[in-house]
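The form predicted on its own is given below as one chain in structure tokens.
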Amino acid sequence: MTDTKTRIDETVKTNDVVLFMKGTKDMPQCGFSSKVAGVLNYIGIEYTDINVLADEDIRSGIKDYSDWPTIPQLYVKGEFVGGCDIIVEMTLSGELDGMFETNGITFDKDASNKIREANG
């Protein structure tokens, strides 16, 4: 296991929710990262944000780790969930709520419902 892969593996396995993104949860630096961070922030998810722009090894390594070509990438309880389009679809369908509930991740269900109402 490479050092980068080990660092990524430890990060996703020791944090309940991790978002590898361009920028930070408080200052996303791309529209796709902003969309996913916006959903997580709005529904009150506590998560670890990893700014791939600050570390080129992580930026390229996360794509190999997940075998997924794009950023952002969301992990819950060590499992890769998906990128921006998948997270948006899961939010609108309620599937993301179910995944958080199943994994014991606390979130604001009312806020989640408001997202669906606004996009329904």
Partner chain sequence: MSVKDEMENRLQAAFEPTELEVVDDSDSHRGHAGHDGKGESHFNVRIRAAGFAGQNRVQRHRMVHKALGDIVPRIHALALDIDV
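These numbers were taken from a predicted model, which means no experiment stands behind them. Numbering follows the first chain given and starts at 1.
Another form exists, predicted together with the partner chain; not displayed. Remarks below refer to it.
K.L.:
Of the options Ser66, Asn41, Thr48, Asn51, which one has a non-hydrogen atom that comes within 4.5 Å of the partner chain in the predicted complex?
P.N.:
Partner contact (heavy atom, 4.5 Å) among the options: Ser66.
K.L.:
Does at least one non-hydrogen atom of Ser93 fall within 4.5 angstroms of the partner chain in the predicted complex?
P.N.:
Because a heavy atom of Ser93 falls inside 4.5 Å of the partner chain in the predicted complex, the answer is yes.
K.L.:
Check Lys22 for me: does it contact the partner chain in the predicted complex (non-hydrogen atoms, 4.5 angstroms)?
P.N.:
Flag for Lys22 set to yes.
K.L.:
With the cut-off set at 4.5 Å between non-hydrogen atoms, does Ile58 touch the partner chain in the predicted complex?
P.N.:
No.
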